[in-house]
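Here you get one chain, nothing else, as structure tokens; it is the form predicted alone.
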Amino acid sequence: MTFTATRTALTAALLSSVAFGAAAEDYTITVWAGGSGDNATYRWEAIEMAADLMEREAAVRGEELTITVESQAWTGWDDFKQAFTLASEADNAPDIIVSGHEDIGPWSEAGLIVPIEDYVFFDSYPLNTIYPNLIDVATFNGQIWGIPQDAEARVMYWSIPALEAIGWSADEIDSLPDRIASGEFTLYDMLDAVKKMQDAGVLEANMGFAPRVSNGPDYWQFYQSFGGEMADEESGKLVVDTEALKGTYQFFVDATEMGVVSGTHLGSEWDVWHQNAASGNYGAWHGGTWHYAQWTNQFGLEDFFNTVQYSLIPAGNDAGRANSITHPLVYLVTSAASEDEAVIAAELIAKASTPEINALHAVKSAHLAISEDETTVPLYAENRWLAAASERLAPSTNAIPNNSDFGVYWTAMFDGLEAAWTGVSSVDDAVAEVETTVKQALGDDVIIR
């Protein structure tokens, strides 16, 4: 992909005033980050490091530049997004916001963010090193709105001791990821395996399979496992594939009826889920690459590579494929920033995206690199989990669409899953409700198959 620098003349003039002006310059840049726990502090600390670097570069040029970075973080998403929306309405939103790429569509259409391509050069270091597919994730309606802050893959994890306890050989365990990637080993093979673990007394009832306990991009992986497509590649319209939805919902209904997961699993406590995963109490469970850091740093998992196997999410049937969804967070410049603050904010984001700085976040939080150059940074290259995940999982990832209407579909899809899983609705009725809801909301902007 060739990127074109589109910085405006006004922006160029403002940059010039920062880089070459004689007068002392003082700026305060505010940064808000969502979904950021103790392992993700570099989402804003990287901006602080970039500010220090910009100040030092100015000093070398004989200029006076002071940048104060004020940051605020939320561990969850709902409160964070509500806070940003309210702050935008009150004209006191931050200059930089770190959020999921799916927010680009609605926030750009609402005028809450500005296209970052107006302020930085994507054909210059370090932005020219970022993976093109991640730049695509930060693009909406032909404009680049953000810069990827991290990348990830979502993973099916397996208990090696539990597999051994039901008679699996070392070769069978070692070859499992390849058999899943080829489609030979499916989601229903997984249910059979974890049911054997329970029947053998290796695991307690309802502990064979432990899906994510709340809504998230993860459940779209199962939709893809049954052949679902989220958006039409040619038209960009959202796609409701009713057969893929039926396959997805029926899979979780079948898992519940087999007794390998509870009908009340959704809504369970995250800490309980993490502790069980780290303690080897599940047969198979799905999560993110970043959970490795939580389990090893906070939940006592000491021997990951000898006790946990990891793979793509298996295919569900012949129509589907083994897959993984990546959900990069992106740095965005908000429309609350003045033009000169936006210039400074964009430059800080670009500097924070250098391989060495981003590697600090990747290793601390167990996220994947945003560029090939970053994978060669010794801190990253020497991390066994990141190297393994980058090789086995990252090449098979795709992202949810940057479509401003996707939230409607996402909510309806998860509501249908929950209704079928808990027995409130039949699978057919749940799928019909999704179709009706999305069609009524989006009309001709959605394709029903």
Partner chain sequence: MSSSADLNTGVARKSRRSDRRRPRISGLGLALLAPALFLLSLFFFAPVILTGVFAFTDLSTSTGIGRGQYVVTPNLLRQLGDQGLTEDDATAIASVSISIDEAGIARATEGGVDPDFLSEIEDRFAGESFDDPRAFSRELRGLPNAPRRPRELTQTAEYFETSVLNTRFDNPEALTAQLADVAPDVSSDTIAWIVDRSYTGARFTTANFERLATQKETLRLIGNTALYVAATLGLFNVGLGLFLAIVLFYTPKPVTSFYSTLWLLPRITPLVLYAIMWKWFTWEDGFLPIIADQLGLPSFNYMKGSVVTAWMTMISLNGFIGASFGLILFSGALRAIPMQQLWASEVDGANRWQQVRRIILPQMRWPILFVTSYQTLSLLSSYEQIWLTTNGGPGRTTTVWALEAFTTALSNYTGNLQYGLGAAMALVLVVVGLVLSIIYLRLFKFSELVSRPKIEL
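Positions refer to the first chain, counted from 1. These numbers were taken from a predicted model, which means no experiment stands behind them.
Heads up, the form predicted in complex with its partner chain isn't pictured, but that's what we're talking about next.
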property	result
Contact residue in the predicted complex, chosen from K196, H286, K81, H291 - any heavy atom within 4.5 Å of its partner chain	K81
Residue among S182, N306, S169, S235 with a heavy atom within 4.5 Å of its partner chain in the predicted complex	S235
Answer range among 32-40, 409-417, 45-53, 380-388 for contact with its partner chain, defined in the predicted complex as heavy atoms within 4.5 Å	409-417
Within 4.5 Å of its partner chain in the predicted complex, all of P106, Q143 and Q440 (non-hydrogen atom)	yes
T397: touches its partner chain in the predicted complex, heavy atom cutoff 4.5 angstroms	no
Partner proximity in the predicted complex: D241 to its partner chain, non-hydrogen atom cutoff 4.5 Å	no
Non-hydrogen atom contact A93 with its partner chain in the predicted complex at 4.5 angstroms	no
Touches its partner chain in the predicted complex: Q298 (any heavy atom, 4.5 Å)	no
Residues in 117-149 with any heavy atom within 4.5 Å of its partner chain in the predicted complex	E117, D118, Y119, V120, F121, D123, S124, F140, N141, G142, Q143, I144
